[in-house]
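Okay, here we've got a single chain as structure tokens, the form predicted on its own, with questions on binding and movement later.
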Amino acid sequence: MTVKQLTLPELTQACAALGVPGVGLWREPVREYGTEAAAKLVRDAGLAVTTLCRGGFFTAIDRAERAQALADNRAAIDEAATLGTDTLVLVSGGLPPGSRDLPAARERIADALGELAPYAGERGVRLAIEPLHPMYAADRCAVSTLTQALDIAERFPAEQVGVVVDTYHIWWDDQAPAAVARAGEGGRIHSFQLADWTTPLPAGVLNGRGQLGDGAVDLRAWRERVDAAGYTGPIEVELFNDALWARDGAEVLSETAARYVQHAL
């Protein structure tokens, strides 16, 4: 998503040229290209698919909408398995129209995971709950802190459900370092993502993630915390940023790799 202006062939070629060993993919371009074709493309480039994004949106009250969401998530699990990644990232969903009950929304997330986790486990795919910054609680994700994510994930086996540690969403939370350690002890850090926090946020706030080193987040400190928690998996950079998307994608990818070395390694 950091360089969504690149086609999948351009992306894999650029990653291979830079020595980037893996890529996190999003479902929309994968489906457009063809899931099996995308799996072969990445594999032939010598890369790994680190995660697939995204499943989730579990909070609907309407029975038909809920059934549709579960079916879509089963399809996402199947797509992840085809791509060869063991991790499906979940954006769990916000408040349904007319609701103000965040605890009930979180319980519906847990209920959905109760149905999906065994299905995912049978296919070798882990479900990774990503807490999103509280500014997204109403419309995108009722899970706002790493602690809340763990409280849900720990109801299930660690090999089926864990969490995403994303610096953009948790950097502000003074309880998050302890939650990172807790997640590491339980083997539940299933993905680690980097993005910086810059202000002012753009209209709609979704595309406000800053390039590494441009903002307020101590990226290296977070990387060291996750290391100390025992995480040894891939580290992704996920930036939604209109200014970056308007630039040459290969140039942005090269810049991002260099910024990672400078600010996080």
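Just so it is clear, the model here is predicted, and its values are computed rather than measured. Position 1 is the first residue in the sequence shown; the rest follow in order.
Although not depicted, the form predicted together with a further copy of the same chain is the subject of the following passage.
Only one of Ile152, Ala104, Ala138, Ala81 lies close to a further copy of the same chain in the predicted complex, with a heavy atom inside 4.5 Å, and it is Ala138. In summary, among the residues Ala64, Ala228, Ala37, Ala216, the only one with a non-hydrogen atom within 4.5 Å of a further copy of the same chain in the predicted complex is Ala216. Stretch 130 to 138 is the contacting one of 130 to 138, 181 to 189, 110 to 118, 157 to 165, since its residues have non-hydrogen atoms within 4.5 Å of a further copy of the same chain in the predicted complex. Interface membership of Gln148, defined by any non-hydrogen atom within 4.5 Å of a further copy of the same chain in the predicted complex, is confirmed. Using a 4.5 angstroms threshold between heavy atoms, Trp197 counts as touching a further copy of the same chain in the predicted complex.
In the predicted complex, a further copy of the same chain stays beyond 4.5 Å of every heavy atom belonging to Pro29. Shown alone here, Ser144 lies within 4.5 Å of a further copy of the same chain in the predicted complex, counting heavy atoms only. For the partner-free chain shown, Trp171, Trp172, Asp174 of 157 to 185 come within 4.5 angstroms of a further copy of the same chain in the predicted complex, judged by any non-hydrogen atom.
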